[in-house]
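Coming up, as structure tokens: structure 1 and structure 2, two forms of one and the same protein chain.
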Structure 1
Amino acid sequence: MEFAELIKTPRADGVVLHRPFMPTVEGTLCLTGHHLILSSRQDNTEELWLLHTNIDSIEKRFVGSLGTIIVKCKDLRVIQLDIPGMEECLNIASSIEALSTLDSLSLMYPFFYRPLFEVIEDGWQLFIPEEAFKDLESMTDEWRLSEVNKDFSVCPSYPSLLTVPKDIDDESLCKAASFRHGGRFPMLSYYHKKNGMVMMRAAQPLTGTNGRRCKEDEKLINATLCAGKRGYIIDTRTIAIAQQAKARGGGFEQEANYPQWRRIHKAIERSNVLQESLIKLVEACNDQSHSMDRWLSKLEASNWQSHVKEILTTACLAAQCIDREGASVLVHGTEGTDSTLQVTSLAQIILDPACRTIRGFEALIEREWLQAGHPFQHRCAQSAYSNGKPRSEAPVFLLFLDCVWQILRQFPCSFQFNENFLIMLFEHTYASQFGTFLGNRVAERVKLQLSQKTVSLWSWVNRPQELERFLNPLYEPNNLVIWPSVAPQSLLLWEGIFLRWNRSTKCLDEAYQEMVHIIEYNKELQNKVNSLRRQLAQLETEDSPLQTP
């Protein structure tokens, strides 16, 4: 299919662009296969380059012959285009709708994008399982890399190389996979260096109403326990939802079959509820006609902060079991690709200082989200403005980033990256020139040859000139476990995402720059003090022989 077939009017003059906190611009609107572009001949005006994949929905309005298109973006921006001529306006609106709803992955912009920067470090080669396993091998010899899933037939949503207990053979892994939803048998998520405890993740067991069991599955998770130790199974569903799953062939681990494990049920909501929550939250944030009480009421009714609290609470529980109780943990929900990954990745941020660095956080996203099979393509197909009927869209990864921001705000000196880094990741999951978040699983990305045909987001982010924007000036490496508060007064609305297009950040930006200036000045003074101390010590050394009788 040619993009030209979908573009009815490729260009329109005299178009007026309205954007939040920016001056109105008049110029020429152009539609390409992947971008909506508005350029102006006026001096000092910033062009608009908007990816069609960033467009969530559009609205058309007409006053006489003047048409207006309201473009609502997946990054929650709302822009307005005033287009002279009703026919031109209708043609452009129709073209935008067609180009922004293409389903074919091979037609997406990452396959056509050619970077203007030199790729110094290939992001596709940065986080490979073999390298991560070498780190694990330096700490313990109880695990091995299995190729049981090399052709993705045992578990379509797992990567080809899997870290499993050394004593469990591949045949047992295949049998355990047949007992878990989607073949997602328990595999290593995190090894706690301090005490040797581990966190594993999986999907629900297929016990069904008959109470089916699998001895290979039991043996697999028991292989992670130390002698005389108990473990915890954290099920991210309520007991009622887990019971209902049995009627559909799913279920949970029976105490009689897993006597060394204690099961705990939490209440992290499913994807359809989360999507509804995001829509209500954004609606509340965009509605500035109400009083403060009414606004707070709408905010509370969205339940967004409740979801943040529940996810953080569950992650803290997993971290507490591992670090304070010295127990291994298995986390799962239904499919093991959403709430499970939120909990395992947040628990690692709490426990492991490496995950609070930029490289460590990138590795975490690769390991616990991309390689672990979170369906980014499905979950991020629509955002908060879409008029389409929700299919499997849900802000699962955005909720994870919100939770990270809450911890970052409570421990501002413990993270190497800043809020801008998290906002950038949110934007690129919904629309990007890079191939990192395309597809739903590793098998799909291998088939699409993303590593050969597209550029990795990490290739761009890790360039020194880009990294500078994402570094936290307050960062001081902290090797301790950090315990975030989940009290209601400790959890705030993430204004950097939900209010950034509704409220100017000029004052905050100025305050941030002043803080950076003070920190740099403080470092200069500290260097001077150290230099003077060295000079003084040298003078005292030189004087001491003269004072000897």
Structure 2
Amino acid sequence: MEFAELIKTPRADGVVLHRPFMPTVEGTLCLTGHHLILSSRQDNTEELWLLHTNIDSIEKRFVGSLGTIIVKCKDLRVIQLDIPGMEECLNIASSIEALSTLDSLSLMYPFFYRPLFEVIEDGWQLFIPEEAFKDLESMTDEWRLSEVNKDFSVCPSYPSLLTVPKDIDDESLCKAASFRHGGRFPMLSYYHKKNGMVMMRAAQPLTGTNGRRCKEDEKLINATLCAGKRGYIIDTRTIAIAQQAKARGGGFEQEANYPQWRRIHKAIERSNVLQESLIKLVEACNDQSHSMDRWLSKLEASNWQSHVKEILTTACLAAQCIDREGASVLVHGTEGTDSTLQVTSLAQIILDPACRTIRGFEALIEREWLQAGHPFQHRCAQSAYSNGKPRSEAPVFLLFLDCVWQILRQFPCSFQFNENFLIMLFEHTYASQFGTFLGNRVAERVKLQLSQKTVSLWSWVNRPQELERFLNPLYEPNNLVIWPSVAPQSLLLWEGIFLRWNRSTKCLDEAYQEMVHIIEYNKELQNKVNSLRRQLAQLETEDSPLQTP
């Protein structure tokens, strides 16, 4: 298919662009296969480059022959284009609609994007499971790398290499896989070096109404317990929902069959509820009425902050079991691709200082989200403004980022990255020139040959030129477990995302710059003092024979 077929009017002159907190720009609007571009004729400084995939929905309005298109983006920005001429406007609107809702993955921009920078370090090769396993091997010999899922037949949503207990053979793995939803048998998520406890993740067991059991599954998770030790199973669903799942063939681990495990139920909502929550929250944030009561009640009704609190609390609980109780943990919900990953990845941020570095955080996303089979393509197809029929969209990853931001707020010196890094990740999950977040699982990415045909986000982010803006100037590495407060008073609305386009941040940005300046000046002075001291010491040693009587 040619993009040209979809573009009825490739360009229009005299288009006026309105953006929040920026001066309006008049210029020429161009539509290409992947972008909506506006350039002013006078100088080329004021330009809008918008990926069609970033467009969530559009609205058309007409006053006489002047048409207006309101473009609502997945990154929550709302812009307005005034286009003279009714026909042009209608054509452009329908082109945008068609181009922004293309379903075919192979037509996505990452397959067409050619980087304007030299790829020095290929992001596709940065975080391969073999490397991660080498790290694990240096700490313990209890685990092995299994190729049982080589052709993705045992579990389609798992990667081809899996870390499993040493004593469990591939045959048992296959049996355990048949007992878990989507074949997602328990596998290693995190090894806590300090006390050797582990966190595993899986999907729900398929106990069904008649209480099926699977010896291999039991053996598999028991293999992770030291002699005489017990563990915790954290089910991210309420007991009621877990009970209901039995009717559809799912279920939860029965005490009788898993005597060494204690089950805890939490209440993290499922994806459709989360999407609804996002829509309501964004609506509340865009409400222009200045009424305090209206804002607070809408914020409450959106339930977003409750989700943040619940997810963070569950992650803290998992971390507490591992670090404080000295017990191993198995986390699962239903499919094990959403709430499970929120919990396991956040618990690692709390427990493992390495995850608080930029590389470590990238590795965490790679391991616990991309390779773990979080369906990014499905979850991020639509955002808060979409009029489309909701399918399986949900801000699962955004909620994870929000929770990370909450921890970052409480420990502002413990992270190598800053808020901008998290915002950037949010943007790229919804619309990107990079291939990293395309597809729903490893198998799909292999099939699409993403690593050959597209550029990895990490190849771009890790360049020193880009990295600079994501570095936290306050960062001082610390090797400790960081326990965030989950009291409602301690959790804030993430303004950097939700009020990003609704307020002027000039004063806040300037203040941030001032802080950076103070920190840099401190480093500069320290260097100066050191070099002067050296100079002086040198002179003193040279002089000392003369001075000694």
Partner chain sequence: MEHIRTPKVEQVKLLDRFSNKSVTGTLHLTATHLIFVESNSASAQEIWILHHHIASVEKLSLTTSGCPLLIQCRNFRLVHFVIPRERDCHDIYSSLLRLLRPVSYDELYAFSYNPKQNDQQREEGWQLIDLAAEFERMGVPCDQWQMTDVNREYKVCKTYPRDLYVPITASKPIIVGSSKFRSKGRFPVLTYFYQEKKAAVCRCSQPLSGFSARCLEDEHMLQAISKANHNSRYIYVMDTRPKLNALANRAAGKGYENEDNYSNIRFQFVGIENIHVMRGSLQKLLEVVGTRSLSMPDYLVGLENSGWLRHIKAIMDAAIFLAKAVTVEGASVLVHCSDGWDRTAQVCALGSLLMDPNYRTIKGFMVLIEKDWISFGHKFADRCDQLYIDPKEVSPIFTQFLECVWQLTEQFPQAFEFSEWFLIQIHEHIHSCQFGNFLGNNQRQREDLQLKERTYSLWAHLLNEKQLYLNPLYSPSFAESHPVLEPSTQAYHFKFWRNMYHQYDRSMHPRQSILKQVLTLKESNRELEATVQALKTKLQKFGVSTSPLKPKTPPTERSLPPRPRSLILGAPLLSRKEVQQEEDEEVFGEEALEDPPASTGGERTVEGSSATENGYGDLPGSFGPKNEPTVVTLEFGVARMTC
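Predicted model only: the values in this text are computed from it and were never measured. Between two forms, the rigid core is the largest collection of C-alphas that superpose within 1.5 Å. Structure 1 provides the reference sequence; residues are numbered from 1 along it.
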Report task. May I ask which of the two structures is the form predicted on its own? Result -> 1
Query - Post core alignment: D509 C-alpha displaced by 2 Å or more between structure 1 and structure 2 - result: no
Report summary line: When only the core is superposed, E524 shows a C-alpha shift between structure 1 and structure 2 in angstrom of 2.7
